[in-house]
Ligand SMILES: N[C@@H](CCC(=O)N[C@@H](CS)C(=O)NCC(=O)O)C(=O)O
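Quick heads-up: it's one chain on its own, the form predicted on its own, in structure tokens.
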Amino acid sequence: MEHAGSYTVFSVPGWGSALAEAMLALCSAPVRIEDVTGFDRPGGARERLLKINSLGQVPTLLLPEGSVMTESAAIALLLSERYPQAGLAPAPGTPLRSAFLRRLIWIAANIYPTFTYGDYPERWVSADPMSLKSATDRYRERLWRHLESDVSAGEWVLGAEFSVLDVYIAVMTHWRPGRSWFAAQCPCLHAIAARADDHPLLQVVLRRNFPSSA
């Protein structure tokens, strides 16, 4: 069931909030963007975000009814229930549902956290923090290659059926190691990202978040 009113995305261009923005675009849902650039350091943007999400993370989504939703995979599942016509996910009970759920949670639980630790290694280790960044970068590449071998056939991650998984690929391939690496090392994922770039409902969001790739 769709909910009236606007969704507020606490957003930083190019960050994980791009995932929530893209999902809402696919739903044709009304959206207000609250830019919190600089949230990862002391200041007004961080204080604004902390009032909504005590962990100070993006994406953070304020729902029309006033409650707060975090975690990109949870946002994806919630919006797929509210806007089933958007095609974010295969419907429960359909053949592709289990493959969708496995890959969604796999990306969120395995690849996404490598940025949590690799982007700010000094938060987690005091000695040689850059070694943690290098290690998480190498591990991420290994994970992407694993996913490449798992989706080597078909136009989208789920084959012929578009889903929010393809949004993850479109957004996250802009992050380290970057689109050039994917073109060389994971051509199937790179092709999926390129197709998603051309999706008419995603183009504005992707160009706003990754203007250098437009």
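In this text, residue numbers run from 1 along the sequence as written. All values derive from a computational prediction rather than experimental measurement.
One more form of this protein exists, namely the form predicted in complex with the ligand; it is left out here, but the text below deals with it.
- Interface residue remark: T116 is counted as part of the site for the ligand in the model of the complex, having a heavy atom within 4.5 Å.
- Taking the partner from elsewhere, F39 is found to have a heavy atom lying within 4.5 Å of the ligand in the model of the complex.
- Using a 4.5 Å cutoff between non-hydrogen atoms, V58 counts as a contact of the ligand in the model of the complex.
- Though the partner is left out of this view, Y112 does reach within 4.5 Å of the ligand in the model of the complex, counting heavy atoms only.
- Exactly one of the stretches 118 to 126, 90 to 98, 76 to 84, 137 to 145 approaches the ligand in the model of the complex with heavy atoms within 4.5 Å, and it is 118 to 126.
- Applying a 4.5 Å heavy atom cutoff to the ligand in the model of the complex picks out W175 as the lone residue from 173 to 203.
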